[in-house]
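Below, in C-alpha cells: the form predicted alone, a single chain.
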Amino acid sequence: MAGFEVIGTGHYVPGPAVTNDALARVMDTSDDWIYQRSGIRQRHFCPEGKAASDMALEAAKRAIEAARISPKEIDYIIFATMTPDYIFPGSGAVLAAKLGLEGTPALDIRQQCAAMIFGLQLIDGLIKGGAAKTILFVGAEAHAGFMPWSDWDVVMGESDRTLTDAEKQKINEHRALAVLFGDGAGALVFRATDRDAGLVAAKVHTDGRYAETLYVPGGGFRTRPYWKGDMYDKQEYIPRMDGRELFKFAVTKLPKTARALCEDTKTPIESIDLFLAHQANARINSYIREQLGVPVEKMPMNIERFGNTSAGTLPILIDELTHAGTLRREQLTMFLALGAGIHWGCALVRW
C-alpha cells in the first residue's frame, strides 16, 4: 500500500521582525521577562489588509517550486488555521483560487496548534484510499488581529509616542498571551510513494471539557447576532488563556502519548532520529524532552525567532530543517503537539 513523502517545503513570514523590546513600548514587559518564560526573542505580524491565505500563498509557491511541479498537479489542499480570512468560507478555497486551481478540493481543519498531527492522518488516508496523489498542506496564522493594542505605529517603531499608564494597563491585562504569538505560514507538498516512507502510526485525542482554557469569547453563534456592539469594548475579540492549565496539560499528556505510541509500535525512543514539537513555549518543549530522556540535539526549536505561529509552527520548522539538511530521507521522526480544543497527539513518520 502506498505511503507518502514530502517533495517540497516552503515558509513565509511577513514584514520585519518585532522584537520583545518593541512590545515593551506598549506594555509593561522586557526582553528578559518574555525570553525567560517562553524562549521567544522576536516574531512577525501580518499587516493590515493581508490575511492567512496571503501568507499561505507565498509559502505554497515556495513549496511547489521546491517540489518542481506545477500547481495543477495538486489534487487536494488541506488548510489549517484558527485565524481564517472570513468567518466563512474557509481559507482553503481562497488559497486554491489564488493558486489558479479550479475544482481542486480544499479541506479546512481546525485543530489549532495540533493541526499537523491530525493532518498527517488525513493525508495518509487520502493517499492510501486513492482519493489523492499530490496534496498541499498549509498551516498559516494571522494572530495580529487579536493583539490587545491598536497602537501599531508605536509597536513598529513608526511613532515615538509614549502610551499613558491607563492605555498600557488595558494591554497588560492580556500580556501573558500577547507576547507568545506571531504570524506566518508553512507549506508542504506530499506525494504518494511506493518506498518505505510516510505515516507509521499516530495517536490523537480531543477533550472538549477544556475548551475554555484557550478560546475567543466574542463573535460566536451562541448569540443573536453573532457579534454584538459591546464585544469590542469588552475586548472579547482577544483570546482568554489559562496558561498554567495548558502548561500542565501539555507536559503530562504529550510525554504519556509519546510513550504509548512507542509501546504500541514497538519503537524504542532512542531509535527516533528527531522529535519535532509544536513551538508554543520553549519551557514546555524542554520539559517534555527531559521527561522522554531525549538529548537536546534531537529536539530542534525555532520559537526564539518566530514565536507561536500555531498551525504554522511545525511546517515552518520542517522547512527550515529540510533546507539545513537536518531532516533527511529515511529518518524516523516523532511529531508532538497540543492545541486549543483541547486537541493533542503524536505521530511517527518515516521521512
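Remember, it's a predicted structure, so these values are computed and weren't measured experimentally. Residue numbers here begin at 1 and follow the sequence given.
Omitted from view is the form predicted together with acetyl coenzyme *A (ACO), to which the following refers.
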Leu274, Ile318 and Ala347 each touching acetyl coenzyme *A (ACO) in the predicted complex (heavy atom, 4.5 Å): no
Residue among Ala202, Leu246, Ala96, Ile127 with a heavy atom within 4.5 Å of acetyl coenzyme *A (ACO) in the predicted complex: Leu246
Proximity to acetyl coenzyme *A (ACO) in the predicted complex, single hit among Arg37, Arg41, Lys50, Arg62 (heavy atom within 4.5 Å): Arg37
Non-hydrogen atom contact Thr29 with acetyl coenzyme *A (ACO) in the predicted complex at 4.5 angstroms: yes
Partner proximity in the predicted complex: Val251 to acetyl coenzyme *A (ACO), non-hydrogen atom cutoff 4.5 Å: no
Heavy atom of Leu188 within 4.5 Å of acetyl coenzyme *A (ACO) in the predicted complex: no
Residue contact check: Asn285 to acetyl coenzyme *A (ACO) in the predicted complex, 4.5 Å heavy atom: no
Candidate stretches 130 to 138, 157 to 165, 85 to 93, 235 to 243, one within 4.5 Å of acetyl coenzyme *A (ACO) in the predicted complex by heavy atom: 235 to 243
In the predicted complex: members of 334 to 349 within 4.5 Å of acetyl coenzyme *A (ACO), any heavy atom: Leu338, Gly339, Ala340
